[in-house]
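So this first bit is one chain, no partners, the form predicted alone, shown in structure tokens.
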Amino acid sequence: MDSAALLKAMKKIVDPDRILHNELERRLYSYDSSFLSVRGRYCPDIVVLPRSTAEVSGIMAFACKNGIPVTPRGAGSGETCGCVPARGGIVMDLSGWDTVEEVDVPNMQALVRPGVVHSRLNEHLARFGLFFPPDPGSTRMCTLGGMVANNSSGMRAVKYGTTEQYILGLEVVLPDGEVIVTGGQNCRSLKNASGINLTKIFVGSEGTLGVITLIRLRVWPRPRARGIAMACFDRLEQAPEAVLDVYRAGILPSGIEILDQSAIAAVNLYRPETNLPPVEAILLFEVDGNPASVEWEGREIEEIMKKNGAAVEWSTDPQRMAALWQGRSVVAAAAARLRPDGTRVFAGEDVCVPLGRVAEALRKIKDLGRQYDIVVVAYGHIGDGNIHTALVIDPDNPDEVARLDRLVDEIHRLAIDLGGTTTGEHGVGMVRSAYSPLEHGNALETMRRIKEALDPRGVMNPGKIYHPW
């Protein structure tokens, strides 16, 4: 369909003020945070900004009838090319549809539209003494629709789990425009064992099965107290064993983060006042709950760390906790300081391995960085084996880019070889779809069959997850 006809058709469904069609506007939607999106050309034919389920349904029905690809998009903060239009067509920008429809305090749940930003939701819930536990690093940018689509998690997943554990039901527009409600159309219970769990099928499907237009999510009471311990290790291998010792003691921190030697150096260059000790590894343990239990668990962690050879500090003082946490929070931005002429790129950044193999994975990733002569900064959520890598290169140097591609391939294959996955929380998108057959085997064919059953014309976010495209 030519651009004029497509524009005319969209104007019949969506207010013309919520349609973007000139080249500059469309190009803004050809990127996310991934390095792949910078290197490719993924410009949509048109961008629409629906604000109602009826509008989304109308767009999908038209697109399905005419075989036009549709790519749902939230904040565009993803790192996998998941929200860029691999095959042109329509980008459906849902980021402005950002109303919290209801906070159902007695039933411990909330109803939100897909464009609600994570941090804004928790600010709203705080008025009721509640919170939504999943805690991605992009909290001030990422939207709930994107979190559901990618099954996001973050630093507190070790205790509170991932997004999927909090989604009670969804309103979804299917590829042909039909609207369904999963989890029971009038349900407000916290448990539901009735029928096939369709909610779980859509969570983590990365916009390939339908468009999420309303989210019913579970919320929890806000913990009354919090504390942080920082443990410093001379040898990297000591850190994972110390984490396991905390678990063996029956303690489940709300977050456990690791910074390796390169991450520590980057933070100290970026924020010298942080002054992290120049050791091989630093662990940050966060515990939360009632004041008495927080203090007890913090002191127990302190003793366990000392037995594992660490220098350790424990604090419940808000200012000191903010200072201790600052080092972890700036790593992503700080990584490029290790190479002033370089740029941090998002590629191979989200592998997850078994807890018992974290140290092995970190060592091998650092060895691969040296092999390909690329700066690798490693950090992440060691409590659940989720390793983030910040790779620093000159993106204008073809030789470095070629070496980066080989390094990223080896990082992904290493994770699978160690019994892990290519992505712990960022999703597959386009950047990791080639590894789907290796990771899932013949289960991938079942995924394809589900996709084909719901989207026989292949209009829903094509080019993602299912390999080959």
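Start at 1 with the first residue shown and count on from there. None of these values were measured; they are calculated from a predicted model.
One more form of this protein exists, namely the form predicted in complex with another copy of the chain; it is left out here, but the text below deals with it.
Shown here without its partner, the chain carries Ser95, Asp317 and Leu324, none of which come within 4.5 Å of another copy of the chain in the model of the complex through any heavy atom.
For the chain shown alone, His440 is a contact residue for another copy of the chain in the model of the complex, at least one non-hydrogen atom being within 4.5 angstroms. Looking at Ala75, you'd find every heavy atom of it more than 4.5 angstroms from another copy of the chain in the model of the complex. By the criterion of a heavy atom within 4.5 Å, Thr139 is excluded from the residues contacting another copy of the chain in the model of the complex. In the model of the complex, another copy of the chain stays beyond 4.5 Å of every heavy atom belonging to Gly342. Figure note: of the listed segments 115-123, 368-376, 326-334, 242-250, the one touching another copy of the chain in the model of the complex, with heavy atoms no more than 4.5 Å away, is 242-250.
Of the residues given (Val179, Val103, Ala86, Leu269), Val179 alone sits with a heavy atom within 4.5 Å of another copy of the chain in the model of the complex. Of the residues in 414-430, those that come within 4.5 Å of another copy of the chain in the model of the complex through at least one heavy atom are, in sequence order, Gly419, Gly420, Thr421, Thr423, Gly424, Glu425, His426, Gly427, Val428.
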